[in-house]
Structure formats: structure tokens, C-alpha cells
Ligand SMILES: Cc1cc2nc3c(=O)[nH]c(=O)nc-3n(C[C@H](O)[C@H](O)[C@H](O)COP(=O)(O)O)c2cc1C
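Given next, in C-alpha cells, is a single chain: the form predicted alone.
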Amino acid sequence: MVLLEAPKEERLKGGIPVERAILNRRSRRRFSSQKIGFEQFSHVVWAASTIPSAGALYPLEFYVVVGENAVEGIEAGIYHLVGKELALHKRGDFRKDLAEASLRQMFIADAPFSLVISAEYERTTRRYGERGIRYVHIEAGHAGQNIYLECESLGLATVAIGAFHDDAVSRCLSLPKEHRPLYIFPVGFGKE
């Protein structure tokens, strides 16, 4: 298990104003090969998972696809976020496989890591019926915006990917059948 770090108090006082992050936020699809520090990695994953949830049901599941020698202190593999810890789900560098499953958007393979947001809809639809599907999608949007803003604050690049073959992504990540992929966010240092 890899314990994530929430931003420390000095980080909360630093950084850029949220208005600047909103203004500068862009979708960036070109990534350098520069390794990501553990603290940066941890903050992006933490930001993604720190969101409101309808009825406090938390239907989103987060998987992180980490490349070989791409994130300081993290071995290549697919990790599943359990609480505030990442559990190794599958060993190896699956970035190229994820890119192939994402309609051959090969820039995904260049990013040091990708966050994959999936959903277990039934957690929410059991209480809210069909309307719960909408709530799940709203929560995925919250997570996506947090990823964008945290990346901007840390000087990292990302882009929201919704174009992929659901079954291929599920197979690549070995997702349980109830975890349906919704969004992919490759993350790394931008390459101009």
C-alpha cells in the first residue's frame, strides 16, 4: 500500500490563487519524459478524490496507471485508491495498452501516470433510482475539475479523455465488472 499525502500546511498557504488556476487551465496533450515527484503525484490523486458526493455514497473508484521510472518512489503498475491509500492492483507498465484502448490516443502512453475514474452506479441508484446516474456523472465532473486545477497549481499538464472503448479499458485495468470507466486523465509535465 502507498499512503497518499494531503497537502501540508505550507503548501496550502503557497501555490497560485484558484482564480489564476481557473484562468490558466488548459487541456494539454504533450508530455515530457520528466519524472513526477511523489508529492506532486500524491497531491493530484488526493485532489481527484476529495469531492462532494450525493448522499455521501461515493460511487467513484479511482485507478492510477503508473509508468516505469515515471513517478518517484512508485513502481510501474495499476493502483486502486482505497481510502487514502493506493493498493497495487496489477504490476507492469500499462500506459501503451491504455492508450490503445483509448482509440489509439498514444500521447496517453507518454504521460508518467494516468488517473482513471470509474463508477459503481448501483451505490447511488439504489437510493436515488435513475436520477442517481446523473449524480454519478456530476461527481466525475467534480473530480475532473479538481484534477485540472491541482495540475495547474503544480505546473503539470493534463487532459480529460472520454473517448475510449469501455470494454478495452476495463480489460486493460482488470476492473471488477461493477466498476465502469468514465474518464481518463493522463498527467505529466507539459512539453511545448
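One-based numbering along the sequence shown. Owing to the predicted nature of the structure, the values given are computational and were not obtained by experimental measurement.
Keep in mind that the form predicted in complex with this ligand is not shown, yet the notes after this line are about it.
Q: Indicate whether His165 is a 4.5 Å heavy atom neighbour of this ligand in the predicted complex.
A: Because no heavy atom of His165 falls inside 4.5 Å of this ligand in the predicted complex, the answer is no.
Q: Quick one: is Ile161 in contact with this ligand in the predicted complex, heavy atoms, 4.5 Å cut-off?
A: Yes - in the predicted complex, heavy atoms of Ile161 and this ligand come within 4.5 Å of each other.
Q: Using the partner position in the predicted complex, report whether Phe31 sits within 4.5 Å of this ligand, counting heavy atoms only.
A: Phe31 lies outside the contact set for this ligand.
Q: Find out whether any non-hydrogen atom of Tyr121 is located within 4.5 angstroms of this ligand in the predicted complex, and reply yes or no.
A: Flag for Tyr121 set to no.
Q: Using heavy atoms only and a 4.5 Å cut-off, decide whether all three of Arg25, Phe107 and Tyr148 touch this ligand in the predicted complex.
A: The answer is yes; Arg25, Phe107 and Tyr148 each reach this ligand.
Q: Among 153-161, 123-131, 39-47, 55-63, which stretch has residues whose heavy atoms lie within 4.5 Å of this ligand in the predicted complex?
A: Among the candidates, contact is made by 153-161.
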